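The chain below stands alone, shown as structure tokens; this is the form predicted on its own.
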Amino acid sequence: MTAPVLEAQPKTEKASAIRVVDCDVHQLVGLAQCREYLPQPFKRMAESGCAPGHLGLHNPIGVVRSDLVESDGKNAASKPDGIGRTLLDPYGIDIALLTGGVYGFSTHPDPDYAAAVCSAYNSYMIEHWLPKDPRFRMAINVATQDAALAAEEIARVGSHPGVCAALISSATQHPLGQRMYHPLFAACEKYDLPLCLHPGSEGTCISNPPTAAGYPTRYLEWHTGISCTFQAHLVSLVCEGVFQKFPGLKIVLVEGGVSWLPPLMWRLDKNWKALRSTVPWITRAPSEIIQERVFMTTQPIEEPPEHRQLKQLFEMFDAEKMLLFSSDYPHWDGDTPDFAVRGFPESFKRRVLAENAVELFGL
């Protein structure tokens, strides 16, 4: 079965009644489910189990919640109706952005295979998941080894009404601001799709080491240091002039933490004042650009000892407009909507829970 070419369709109209949008829902769909959409020889590769490697660090509690395993032995997150029963219905979530998936194939050494897997996954999701629940939207997965192939995939399915973002792994071979990625950014801008970065494959196969110092020896180290990759990508995107070259591009940092942003912006602004001659395309403070063009999901948000300190953090950047609620379902460290915003100022809970996502994704 080959992946179909999908005709462009208009996006759905904005729904003013939306009260909760979950911007990171991991439906349990991977290579096994979508390999029938792969052409040969990639189908044979998938059937042999060819996939990106594993970092090999021990996580004693795993990644997916075991309490979601149902009487048939399957995890509720592997079924459209299961996600409805265990997440959307209980917590009144109006829209779920399904993030999947297979973005980890961005670390596979074969760029053609990685692109084919992402295409097969996108077709599988569009045919078998999006029609099952009107609350579902999806971020199509694309691989970063070959930005031209990623752009072709965005052109193929980016206009589907159920598609509202493109998603890549934050585990890459090079900082994302470099010009080899420009075709990907151009396609996202053309199809009005925010580009989401998601962690999870740092340090595997052809990606760079998961920390600036090299490879850690414990999962705790790896898990804590993931946000460093996001910081490097963000600085690269700003300094390489991506936001000037692609004025319609929006970036979403998914599951990368939040509290590191203010000091990073302070440092970048300070250095830019002294070194602005090296980046003449940046004509205003980098912090201004970031706060206009970058968004961050709430899970996992760092939790200071006192709620007042969280409020102070939010005063250090435009949190009211930049934050998007995410549950990170079905992971063990996920958040429910009420838990995620319990320490947020009342003045912007509504924006974080829904309005920012509605505006950003055109819901």
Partner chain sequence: MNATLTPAAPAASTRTKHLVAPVAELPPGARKIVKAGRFEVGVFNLKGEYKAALNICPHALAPVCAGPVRGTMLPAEKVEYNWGMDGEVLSCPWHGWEFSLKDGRSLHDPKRCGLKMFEVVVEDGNVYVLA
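Positions refer to the first chain, counted from 1. The shown structure was predicted, so the numbers you read here are calculated from the model rather than taken from an experiment.
In what follows, reference is made to the form predicted together with the partner chain, a form of this protein that is not presented.
Visitor: Should residue 241 be classed as touching the partner chain in the predicted bound form when contacts are defined as heavy atoms within 4.5 Å?
Guide: Residue 241 belongs to the contact set for the partner chain.
Visitor: I'd like to check something about residue 280: if you look in the predicted bound form, is any of its heavy atoms closer than or equal to 4.5 Å to a heavy atom of the partner chain?
Guide: Heavy-atom contact with the partner chain at 4.5 Å: present for residue 280.
Visitor: Heavy atom to heavy atom, is residue 273 within 4.5 Å of the partner chain in the predicted bound form?
Guide: Yes, residue 273 sits close enough to the partner chain in the predicted bound form that at least one of its heavy atoms falls within 4.5 Å.
Visitor: Can you tell me if residue 288 lies within 4.5 angstroms of the partner chain in the predicted bound form, counting non-hydrogen atoms only?
Guide: Answer yes; at least one heavy atom of residue 288 falls within 4.5 Å of the partner chain in the predicted bound form.
Visitor: Tell me which of 250-258, 98-106, 233-241, 75-83 has residues with heavy atoms within 4.5 angstroms of the partner chain in the predicted bound form?
Guide: Residues of 233-241 come within 4.5 Å of the partner.
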